[in-house]
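The form predicted on its own is given below as one chain in C-alpha cells.
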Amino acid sequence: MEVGFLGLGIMGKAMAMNLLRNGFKVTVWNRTLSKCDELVEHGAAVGETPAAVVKKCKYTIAMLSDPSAAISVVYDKDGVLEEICNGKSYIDMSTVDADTSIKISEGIISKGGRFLEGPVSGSKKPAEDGQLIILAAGEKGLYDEAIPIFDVLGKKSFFLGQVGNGAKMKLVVNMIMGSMMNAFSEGLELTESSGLDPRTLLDVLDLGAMANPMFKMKGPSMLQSKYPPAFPLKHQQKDMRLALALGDENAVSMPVAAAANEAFKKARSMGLGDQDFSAVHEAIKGPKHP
C-alpha cells in the first residue's frame, strides 16, 4: 500500500517510520521539509506540498499539531483539496475539536474524496512501538480498508460512528489525563512539603488501585524536575481548552478540568510549553521559600 503522511512532529515521525518498517511505501511532507530527511534515509519519498502527496497516494494520513494547522493543510494554497478526488482518501489523526473535523470532512467529501478522523490516544513511546489506541469515525468502508494501516500504528482501533465522535472521545480522554496529572503533581508536592519521601508515594500508588502506567513512567523524572517531551504541555493545554468548550456546549459542569486547565496555562506562562505535559508539576510547586 502506498500511503501519504502529512506532519512529522513527535508523533507523525514515529508513525510514518512504523509504516516504512512494515513494508508500506510512504511519501511524507512537513512544513519544515528538513524534518523529512531521517525518513528519507529509511526509504520514504518526499512531497513538496500536501497537494503533491495526495496526488501521488491513494491514502493520505495527517498528524498535525492543532485545529488551525489541520485546516490550513487542507484548505490553503497547495493544500489537500487541490488534489483530493474520487478514489482518494484522507485520514486525519490530529487531535482537534469536532467542528474542525466536520469542516475538514465537508471539504474532502465535496471533492469526491473519502474521509475518516482517527485521533490517537498515546504519546511518543506508544507511537514508536505501534501501540496507539485509534479513535476513528466517518466512512465505515474506509475504516475497514484502513485496518492494515491501523494495525501497524496501534494496538486497538475503535469505530465510533459519525465524524466528530472520534474528536470528542479523544478530548474526553485527554481531559481526564490532564486532570489526573494535576492531582498527581499536587500529591508529589504535598508529600515532599510534609517531609515524606515522594519515591515512597510512587511505590504505594503503584501497588494499589490507582496504579497506572502514566504515574509509573512519569513520576521518577518529575521528581528530578526533568520533563522530556513525549506529549508537549502546550498541546495538553490546547486539549483541555477544547474539552472545556465541549463541556460548555453540553452544559456539563467540569470544575476539576477547569482548575487543571488553569495550572497548564500557568505552566505555559512560565515557558514550559515545549516540555512534557508533566511539567505542570513546576507550576504547582511554585517558588520554594527557605
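Nothing here was measured: the structure is a model prediction, and the numbers come from that model. Note that residue numbering begins at 1 and tracks the sequence as displayed.
FYI, the form predicted in complex with a small molecule isn't displayed, but the following is about it.
- Though the partner is left out of this view, residue 35 does reach within 4.5 Å of the small molecule in the model of the complex, counting heavy atoms only.
- Using a 4.5 angstroms threshold between heavy atoms, residue 63 counts as touching the small molecule in the model of the complex.
- Proximity of residue 29 to the small molecule in the model of the complex: non-hydrogen atoms within 4.5 Å are present.
- Proximity of residue 124 to the small molecule in the model of the complex: non-hydrogen atoms within 4.5 Å are present.
- 72 is the sole member of 212, 131, 162, 72 with a non-hydrogen atom within 4.5 Å of the small molecule in the model of the complex.
- Judged against the small molecule in the model of the complex with a 4.5 angstroms heavy atom cut-off, the residues 4, 88 and 150 are out of contact without exception.
- Here the chain stands alone, but in the model of the complex its contact with the small molecule, taken as any heavy atom within 4.5 Å, falls in 234-242 among 52-60, 234-242, 39-47, 253-261.
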